[in-house]
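First come two forms of one protein chain, each written alone as structure tokens, so that there is a structure 1 and a structure 2.
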Structure 1
């Protein structure tokens, strides 16, 4: 057995099959999550963890396969060279649907290092496997950062997919239930949520975080099983792995559990519910300093004692931040696995009937929603991105496709139509793959256009320009099709990765901490 370096009173050993098992209890603050991690992770002795229990109380054997896709060292500042003169650096990490990425920037916004890791759920599926994949990807990415840069990292922030939540035991750190993913729906809980929330409130969607919490509460929590259970959003949980404190979130992630960003508080109708005690009590602005990095993680990865972990946001808001769109009428469409629109609006608009909600960002309202039609269906139908790019080059974006699809990866749509039972529509399929792709790209553009016109109909500021983020932003043909269909200028953002937006939040958090220390 290979002894795991003991630290803060815990030990774990790798079994001969390279599986990480914990021999005895560990410091309660250390995240508890037992997984049999492929030997790959052995190189990064990340904090040991405890038995991983889902609602059934049985240890789950999970294997997270991590594939390092790429790491680019920036020209001139890469490899072991490190930031010149120890320039303070700010780390953003994005946990999207298909993978995790990091971006390490300086105060001027120059990228000193970036990288990504694809993750895949363990064989046999299972929600719990996602937590182990995310956790493994987090520590793999920290290990991918050039060691020479790490002491200069002043702050860290993480974005995750919205309405993605976990139920954790705050006594042991063990995962009690979930993760419940952003596009999973819990219609069983909808009547109970609609009975307490205002009509058409953001939480009145079966995929809302509140429906996920209430569904768990009705099956496991109400009977007293909720003792020390707490709700954590995906980015809260990943940040907690770094700082070890419970009860902290941000007002973007907390929106879909019912937090009111205008009042900057949970509404009384929510606080009156028995399950409200699971909610994170400290909901802060995105990019607020939380705490220093935990000693074991800091020493493991060579981070500075000054490095501070900061609150995060959701992935599409991080992408919005990266695009630096400013002013009413400016919008960012994230073309990732899904299609998420964010429009800067003077008026707040929330209407669960259409999957429309408003996020607060500093003094503005980001009105929008997210459709399940997006890159996921492209990958499903055309395989890798290179083929997508090659086929796209054969399409004339000036010609409108006569094909009328609704390209969902599976049943269920959130925006601009909130319909759990909406089925994909991808017929008739032409002989030519290029024609088929043209129809799909144009049909997703029509969904995007419908989304922006719906926001206008509901009272939001009219869209004047759209910047594009996410993997689909690379597709110039699609950009041209979208510009024709939307009827407003559409262009690729200079920074298309949400991780860059998370790094900007880390920069804000470092400045907030400096300001607080100075006052």
Structure 2
């Protein structure tokens, strides 16, 4: 368990443009799942409530892998806020589905240190156990950073899984409900959401953040249980543990609760609902400076007084940022357990029928969709990576396979075909395992091509180049097959870790802070 000493330091809070807005004094700590601090100004203020407090789980496992570059740190640096201790460094932390990872980079993108922690299972399966594990992993990762690097950290950003959220009491810091995980569905709330949201809106999915909020509201909030409750996304909550300001989120995480990134505001249909008072009032661009690190955290881990905490993003967006696919027409395909595509587009595209939605990405849009086909079915059929690699060496990627499969791990597809009853198609199976694998790899490549074609049909920019992330990026035979099927250049992304993308956001936040202070 990480101790939380009380703090009485002053903190600067920055706007989305980085301008200094106001100073706050942090209130003393109270025992709870999280620190109790003075909340940001909110639209509504309600008396504190009690109840719904959940037990804490075990801390994350102490086993960790820390990797540091054996070379010396590059000389110089400068810019980006200039924390004490030499070359300014930028810390990104990724909270994925099974563990957390950090990446510490310099301005040129060189990695100075990285490490990871696994989560411990939540005690009794309770949600509060997950929150306890995340918190433990966060502070353990801070402790894993080599002490010599810590004074040089200029800024910090964190990404979390999309649509993972918590309900927190903004006056006590208590966890009132959740965490509601990214893959949890709340079909009980879907009719109410569909009744107020536009047709085919991103929130019209039982696993959306808004459905999770509405489900809790209908069972606990509407009867007077909301009080001073506030909704926090996973990365919002973890960043809050570092800076101590309520009510701040980013527009990538807020998308699935209904935030409109084009208007840079919550839509009127959402604000008309009684539960809208739980929404984060300050939604900022990812990588915007929020506040300096809390004094107690800073002193315990040897961070600079100038180290600033910046808004985060979702894990998939952070992974895209890591690949550095810049400009409309550039895309990243992630070949993990599933096949996920993300494309930089000049036009925004949203269609809940296919699970297609757009994130704002600076001056463009990041349009994405995900198929259930992918690495999971490959492991089901062929076992481990070594066997896949051996069979792949027997495939001629220049020759098209005549086999036509739709390789799903189980019934149901979402993108580029929306059919919950679609069954896997894995017949006929040839005698040769290499021929069978050739057909499977080519069929997944056709699904990928159909996905990009669908995005184009819906109005997105046509794909011009594809970078590859995930385990499938290591298979050169598959890369060659995909390049032939897609008809555009396909190559492996140099960086694929979401933590690296979060570190790039931290760098952006440090630059915004420096620019604001200079003006």
Ligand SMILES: Nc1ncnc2c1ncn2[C@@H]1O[C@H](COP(=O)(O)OP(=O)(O)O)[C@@H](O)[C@H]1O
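Because the structure is a prediction, the values reported are computed rather than measured. Residue numbers count along the first chain shown, from 1. Note that the rigid core is defined as the largest set of C-alphas that superpose within 1.5 Å between two forms.
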| item | value |
| --- | --- |
| Structure number of the form predicted alone | 2 |
| Post core alignment: residue 167 C-alpha displaced by 2 Å or more between structure 1 and structure 2 | no |
| Exceeds or equals 2 Å, Cα of residue 266 between structure 1 and structure 2, core fit | no |
| Cα displacement of residue 413 between structure 1 and structure 2 reaching 2 Å, rigid core superposed | yes |
| Between structure 1 and structure 2, C-alpha offset at residue 432 (rigid core aligned, Å) | 11.7 |
| Between structure 1 and structure 2, how far the Cα of residue 465 shifts once the core is aligned, in Å | 3.2 |
| Residue 482: CA movement between structure 1 and structure 2 [superposed on rigid core, Å] | 5.4 |
